[in-house]
Ligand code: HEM
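Next comes just one chain, in structure tokens: the form predicted on its own.
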């Protein structure tokens, strides 16, 4: 009979304090990847419901009865959608920057400064996201 390895309690949530920056980078990269995949499927589902524009009928667009345009304008007018767009930007920017960091590590560049580059990608993500908030929230009514 084989011996089982005691991994501790599953409910032991105090272990996260022991994680290094590399572990947090891995967790955030996986999380943002799954978020982007979820967004992709949601995006396709929402846009596929607006099939009126696919017909190419110019009279629908001119009359304002175009389902696609109506759907997009309705979604863009919602404050929560704008906030979610800011979140999507943050997720995408971090995933891109961390992916570039991983590429550099795989190429052997910056092996000694992995922690610093992870923190730099977090700070740069925050700067880009905060700087873009006025652009995303411009024209939305609360």
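Numbering follows the first chain given and starts at 1. For clarity, every value in this text was computed on a predicted model and none was experimentally measured.
Same protein, other form: the form predicted together with this ligand, not shown, and the subject of what follows.
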{"item": "Residue among 47, 36, 86, 75 with a heavy atom within 4.5 Å of this ligand in the predicted complex", "value": "36"}
{"item": "Sole residue of 113, 102, 81, 90 within 4.5 Å of this ligand in the predicted complex, by heavy atom", "value": "102"}
{"item": "Contact test in the predicted complex: residue 30 vs this ligand, heavy atoms, 4.5 Å", "value": "yes"}
{"item": "Partner proximity in the predicted complex: residue 109 to this ligand, non-hydrogen atom cutoff 4.5 Å", "value": "no"}
{"item": "4.5 Å heavy atom contact, residue 96 and this ligand in the predicted complex", "value": "yes"}
{"item": "Heavy atom within 4.5 Å of this ligand in the predicted complex - qualifying residues of 110 to 128", "value": "none"}
